[in-house]
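Next comes just one chain, in structure tokens: the form predicted on its own.
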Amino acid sequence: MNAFRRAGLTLGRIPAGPRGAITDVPGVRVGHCTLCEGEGERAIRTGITAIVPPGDPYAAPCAAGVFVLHGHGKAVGLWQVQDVGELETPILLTNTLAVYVCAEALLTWTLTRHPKARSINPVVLECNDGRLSAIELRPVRLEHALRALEAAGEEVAEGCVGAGTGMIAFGYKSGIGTASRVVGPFTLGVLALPNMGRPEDFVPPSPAPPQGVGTGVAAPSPSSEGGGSLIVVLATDAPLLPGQLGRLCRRAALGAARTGAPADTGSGDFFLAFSTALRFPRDAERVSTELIPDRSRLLGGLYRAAAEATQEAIYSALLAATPLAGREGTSPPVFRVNR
């Protein structure tokens, strides 16, 4: 179960899946590669997180949708996903300056399986971890990204792992967070990488007030630097069309707003959703599958689930984080709840 549920917290009306994770969606896997070495100005506190759809995403791309709340980010591959509505590779999350080496890794990963491929759309999303990590040294290598892909499994480690290693949100140490919801016969899962907001933006989970631990201070100073970015990836086994998945992403943004995410001027706030049930095989002229009408209550439940699970995943990223000293020799405070 995710860190939010382990803390004894609940949120919303819709039940969570058994793991409280994006991998409650059958076949979806998550892997990390964490790079944590050195001290001082050359400290490395970064990594890569891989989200791998079931089956062969290149041979049978997943229906996918995108929403960009604010576009100050260095994402790769979103334009084709947004225009064509297909996801044909795993998704990699990393730091700002490692986006392109991760894109290379996805090309390598796909060409190993499909050597005759001549057009590949790798999808890589990023947040900047330069406050804790010597991002300018560009420590992430192709082999690290491949390691995250190969490590992908059903159990999702949260907190200061993978792409979440060097993240800060609302002045607190942040990391990877995940959550899920079950709506009728379908599951929706979320993985969040929050790296945004000032302490005064934060709306903590009710009814518990915030409490900083691990650094000798009660909470981050209101003068702490803001800005930053937010990445949210949604997966579902509901057979949703690309347009419906894009609307699912917009509901996820509502969940982020409930935590206080500000979508600031320097923020890259990207939301990507994919369906494991609606696939578009490359050799198929037509696709026939059961669809969910736009006006159905079931789709309304999935919209609500997207908001709830995103809100919970952001809280879980904070609750799972542990103290981690960065390039300045100190760690942001760690968020905990009073029960």
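Bear in mind the structure is a predicted one, so any value in this text is a computation, not a measurement. Numbers for residues come from their place in the sequence shown, where the first is 1.
Below: the form predicted together with another copy of the chain, not depicted.
- The stretch among 120-128, 172-180, 159-167, 144-152 whose residues place heavy atoms within 4.5 Å of another copy of the chain in the predicted complex is 120-128.
- Interface membership of R19, defined by any non-hydrogen atom within 4.5 Å of another copy of the chain in the predicted complex, is ruled out.
- Of the heavy atoms in G38, none are within 4.5 Å of another copy of the chain in the predicted complex.
- Of the heavy atoms in I51, none are within 4.5 Å of another copy of the chain in the predicted complex.
- Among residues of the shown chain, A277 is not one whose heavy atoms approach another copy of the chain to within 4.5 Å in the predicted complex.
- Contacts between 152-176 and another copy of the chain, taken as any heavy atom within 4.5 Å in the predicted complex, involve no residue at all.
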